[in-house]
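In structure tokens, the next block holds one chain alone, the form predicted alone.
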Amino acid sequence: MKKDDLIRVQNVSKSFRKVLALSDFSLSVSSGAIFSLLGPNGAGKTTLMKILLGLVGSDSGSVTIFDLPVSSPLSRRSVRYLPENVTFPSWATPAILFRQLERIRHESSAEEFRLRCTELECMDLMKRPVGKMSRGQRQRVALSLVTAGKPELVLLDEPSSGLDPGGRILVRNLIRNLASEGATVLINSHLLGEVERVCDTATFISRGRLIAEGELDSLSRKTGLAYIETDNAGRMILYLEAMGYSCRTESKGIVAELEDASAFPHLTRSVLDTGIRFTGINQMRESLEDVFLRIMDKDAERGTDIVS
């Protein structure tokens, strides 16, 4: 645990009758981080979020936010939460919902809400009843309501749910903007491609236990693939395949297969030997999906008696 940790979870366990949702779980999240919780269904991610919010009590261990125990309502000041499934009265408009929220939280202005709606391209929905919106439109409105103003901690459970590709880009930009404004953002999502684009660090949860954590770059491994950026992809492939490499065209270059991850220096020399102009060569790393599958497969091999 570090001094700048905004969230501290220490040795927390939680059971629901015979189901052990969290087991001796510890976690710290630094102030200003964009942090993700990753794991299969039933891993304990949503239970952890509810414990952070004081909606569910832990059986043992301690949890603090802003150095305050989550049993204190003061720990939730300037904390926002978007659940995976949020329901609004079908007759209510976004303007009405915002006024009702601010009667309780007193943390943002109507102007700040309009700015967030503009950012998420839903200003045209301000006077439309929620019941007449698509799922994606409701999600944009919900995100605008949750993040209006300058929250210090934002918990997002599947924030891109129901959104089209354009909406997902807006959400990624929103998350980056929140962090640039000083917020700490905690994301629970199964859309690993979206997580990979915005998150700094991740914690992997399986059957209520923390099984891996760290910065995304440190968690991913170099692969047996290399990307070569070149305007002469056809010629480069001919030369490299003559040297025994298997290649394919991709984007503005080619991808070459290596015997193993350590063979990259040899490929670099081979590319130089072709005499063909290229503008870059990089060894490729695992995607977050690759990391997720590798970590979960390793956990399955270890096995456990924990029920989830």
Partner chain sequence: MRNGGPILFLNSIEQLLRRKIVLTAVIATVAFLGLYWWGVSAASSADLSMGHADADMAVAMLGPEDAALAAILTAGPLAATLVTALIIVIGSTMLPEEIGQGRMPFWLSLPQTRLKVYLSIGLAPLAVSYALSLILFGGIFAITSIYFPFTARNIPFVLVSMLAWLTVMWAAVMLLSLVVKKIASMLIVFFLASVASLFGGLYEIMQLFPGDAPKALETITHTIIYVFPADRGYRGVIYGLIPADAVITENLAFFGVTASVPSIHLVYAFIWSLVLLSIGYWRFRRMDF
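Positions refer to the first chain, counted from 1. Here the structure is a predicted model, which is why all the values come from computation and not from measurement.
This next part talks about the form predicted in complex with its partner chain, which is not shown.
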| property | result |
| --- | --- |
| 4.5 Å heavy atom contact, His106 and its partner chain in the model of the complex | yes |
| Its partner chain contact in the model of the complex: Pro151, any heavy atom under 4.5 Å | no |
| Heavy atom of Arg128 within 4.5 Å of its partner chain in the model of the complex | no |
| Any non-hydrogen atom of Lys50 within 4.5 angstroms of its partner chain in the model of the complex | yes |
| Listed residue (Ile169, Leu216, Leu101, Leu191) with a non-hydrogen atom within 4.5 angstroms of its partner chain in the model of the complex | Leu101 |
| Sole residue of Ser134, Thr118, Ser180, Asn85 within 4.5 Å of its partner chain in the model of the complex, by heavy atom | Asn85 |
| Per-stretch contact check against its partner chain in the model of the complex, the hit in 218 to 226, 110 to 118, 157 to 165, 74 to 82 (non-hydrogen atom, 4.5 angstroms) | 74 to 82 |
| Heavy atom within 4.5 Å of its partner chain in the model of the complex - qualifying residues of 28 to 62 | Lys50, Leu53, Gly54, Leu55, Val56, Gly57 |
